[in-house]
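Next up, C-alpha cells for two forms of one chain, structure 1 and then structure 2.
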Structure 1
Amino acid sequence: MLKERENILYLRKNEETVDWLQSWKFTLFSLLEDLPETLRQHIASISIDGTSATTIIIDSASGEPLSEPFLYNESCPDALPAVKAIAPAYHTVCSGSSTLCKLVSWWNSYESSKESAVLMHQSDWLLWLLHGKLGVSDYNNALKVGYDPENDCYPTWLRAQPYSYVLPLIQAPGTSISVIKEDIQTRFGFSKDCSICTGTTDSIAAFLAARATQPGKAVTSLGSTLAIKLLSTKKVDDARFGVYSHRLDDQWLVGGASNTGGAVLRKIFTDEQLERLSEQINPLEASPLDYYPLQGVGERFPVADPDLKPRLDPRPENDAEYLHGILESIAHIEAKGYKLLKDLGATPVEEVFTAGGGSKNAKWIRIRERVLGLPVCKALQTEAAYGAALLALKGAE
C-alpha cells in the first residue's frame, strides 16, 4: 500500500507520465481502507459508477492492459470514417470520442496479438478488481460502444465486425456479477457473501441519487452548463439536438444539455455576489430582460444552431436586475428544453429536482417554478456515489 502511495505522489508530480490505471486502483483501495473496520463485514454489496466512454482494453489471459486507457474526452477522428461507414446515420457512436471510435482506433493501430483482448469501461475495470470476472458491463456504459438497450443486444452491424469478440457481456445496472474475490475479502475484512454488482455512468448515477423514480420526474443540473434528464416511458433520440435515451429497467432516461449555465454567471459575478444580489430579487415578478447566456458561439439543445451568438445585452445599471434577467432567461431555456423533449415524444415533465451549484439559489428555484409552471425543488442527494450505492442495494435484493 505504501509503495502504491509513493508511486501516486510521483505520478502527480509528473503529469505527463500519469499512470491512470494505477491511480484509479489506488483511489479505490484507499476508499476501501477508509471504511470503518467494524462496518466492512456488514457490507452486502458494492457497485461503482465511472466516466462514460473512458475505455480500457485488457488482455484476458494476463489481466494486463493492451494500451493506455482512452479517457472520456479523448477523440479518435482517425476511426470516425470507418465507424460512420458501419453505423446508422446520427448514431451515438458517430462521434470521435465514442467508445466504438476508441476501440476501432486501437484495433487499427495495435500491432501485436489481439486474440485475448477484452473491452472494459472505467467502472467495469474497477469492479473487476473486486470480482475478478473479465468481460461484464452494463447497458448504460455500453451505449457509446453501440449496444442496443431497446432490443438488449449488440446490433447486427456491430456483431459483423472482426473486433466484435472483444465486446463485453451486458447486464442491467445493479445486477450481481459475483461475490467478492477472496484476496480482497480477506485483505479488507469484507463478508464472504459481499456481492459485486454492475455499475453505470457518472451522470446516470447522479440522476439515480435524486431518487426520481416515476415517469415525468426530471433532474435539471445547474452546474457550469445546464443539463436536463427526464424519466420517460418512451425512448427518444434526436442527434440534431444531442438528445438520446439511456435505459433504466423498463423506463428511459432522456437527456439533453445546453451550453448555457453557471459558467456564464461565474464570468460576470462571484459566488458571493450571486448570493447577495439574489436576495434583492422578487422571484414572483417576471423580468422584462430577454437574454441567451452562452460562454461562446453555438448551441445544440434546445436550439440546434452552431452560429447562435451569446446575448447578454442590454445590461441595466442595477446588478440585481441584470442577474434577475439572466436567471430568468436560463429558466426559459430550461422550459424550452423540457418542451422539446415532450414534442419529440417523451413523457411530459411533472416535477423537477435540481442538482449542481445553481441548486442552492432558492430565488432561482422560485423563478423556475413560475417559468416552468411546475413544482421545482433541490434534490436531497446529488452525489453519483449515492446513486451507485442505490444500484448496489438493488443488486443485493
Structure 2
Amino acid sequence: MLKERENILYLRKNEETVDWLQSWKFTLFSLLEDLPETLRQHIASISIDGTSATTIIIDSASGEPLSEPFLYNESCPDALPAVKAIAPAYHTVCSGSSTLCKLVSWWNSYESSKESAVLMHQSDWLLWLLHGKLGVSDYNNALKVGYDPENDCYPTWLRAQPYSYVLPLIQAPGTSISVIKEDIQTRFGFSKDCSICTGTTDSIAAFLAARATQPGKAVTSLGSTLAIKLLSTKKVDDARFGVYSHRLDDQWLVGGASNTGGAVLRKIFTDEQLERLSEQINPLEASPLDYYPLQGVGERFPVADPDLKPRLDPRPENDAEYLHGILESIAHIEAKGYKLLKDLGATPVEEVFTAGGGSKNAKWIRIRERVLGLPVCKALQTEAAYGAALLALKGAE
C-alpha cells in the first residue's frame, strides 16, 4: 500500500521535482491515520518493506539527509570501477545501481564533513521515524551494500574501506528494534509496548506473503517494477546479469529485479483503460510486437545495462493491440529471467505465484503462462504488505 500511494504522488508530480523523503513520510503517516482508532491500541508490532537499493545518507547528529535519496533504479557508473576494484568478481555490488555504488559515489562527491554520516535504506528510514534509533537495517536490504548473509557479517574487503563506519548495524528481518517512540505512540494512539521490527525488501515481502515453501516455487512481483524470486537449494550470485541470492532459513531466494513493470503501463494508460483494453485481448494469441518497456534509460536484470534504452515503438493505432504487445514483452523479460537463473545453477522453476498490482489482471496471467510454459497463478496473498506483517508477527513473538 505504501508503494501504491508513492506511485500516486509521483504521477501527480509528473515531471516536477519530487521531495521523496517527505512523500514517503506523508504516505506512512497517512496509512497510520487510516487505521481504525479502536484497533491501534491492539497492534503489537510494525514492520515495513521498501524498494531494494533505494539509498539514503543521513547525518546521525541531526537526522537530516546529506543528499537526495538514490532511488532503486538510479545507476552510479562513476563509482563502478572503484567498487569492482575491491569486491570479488561478479559480486552483487558490481552493478552501477547497487547500494555500494551509490554510497561510493556519494562519498567521492560530498565535500562537507562525513564523520556523522550513516547509510539507510527506504524501509530503514521509515522505521526510524517510528522507533528513533538511527543506523539499523536488515540483511535483505543490506545485500546490495555488500553484506554477507551466508556468514552473517560485512566481509573483510568492505570493512577495510574508509567509509565502512557509515554502514548500518544489521539484524535479521523481523527482529524487534525498540518500542514505538512516545510522540508517535501518543499521536496515533498505539500501545506504548508496540514493537518496531526490522523490515525487508518489497520483493522478499511479496515472496513471504505468497507462502511458497518448496524449492522450484517462485514468486513474480508485478508492481511498479518486475521482480522475481525463486526458492533454490543453491546460492547464485552474478552481477553481470543482476542476479543475487537472499538467505531464507537454510535455503536461498535467488532472483533479480527488472526496471520494466507497472510504472511503464501507468505512464501510458489509466487504470480504467488498462481494465477495459485488457478485456479485448486474447491471451492465447501471441502478439507480433516486440518491445522492451522501461521508464527511462537503464536496466538491472536479466541484463545489467545502464545504457539500455526503452523500446516502445512502433505503436499500432489499436490501443488494445499496443497493450497486448507491452504485456507480452514484459512476460518475455520475465521468462528470460527464469531461464537465466536455471542456466546459472539455481533450482529450475516449476510453478510461479504472482503478487503485486499486476496479479489483478487475469489476461496478463494467461499471457505469462503461455510465454513461460509453466503453471502461473495469483497468490492467495498478493500484497508485499502482508509479508511485512508476517515479519512484524515474528518480531512480536
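Quick note, the numbers are simply positions in structure 1, starting from 1. For clarity, a rigid core is taken as the largest C-alpha set superposing within 1.5 Å between two forms. Given the structure is predicted, the values throughout are model-derived calculations rather than measurements.
Asks: Is structure 1 or structure 2 the form predicted in complex with ligand ADP?
Replies: Structure 1.
Asks: Can you say which of 232, 174, 50, 209 is at the hinge when one rigid part swings against the other between structure 1 and structure 2?
Replies: Of all listed residues, the hinge one is 209.
Asks: In whole degrees, what is the angle of rotation of the smaller rigid part relative to the larger one between structure 1 and structure 2?
Replies: Value: 31 degrees, smaller part relative to larger.
Asks: Keeping the rigid core superposed, can you check how far the CA atom of residue 346 moves between structure 1 and structure 2, in angstrom?
Replies: Value for residue 346 between structure 1 and structure 2: 5.1 Å of C-alpha shift.
Asks: Using a rigid core fit, what is the CA shift at residue 373 between structure 1 and structure 2, in angstrom?
Replies: It moves 11.0 Å at the C-alpha.
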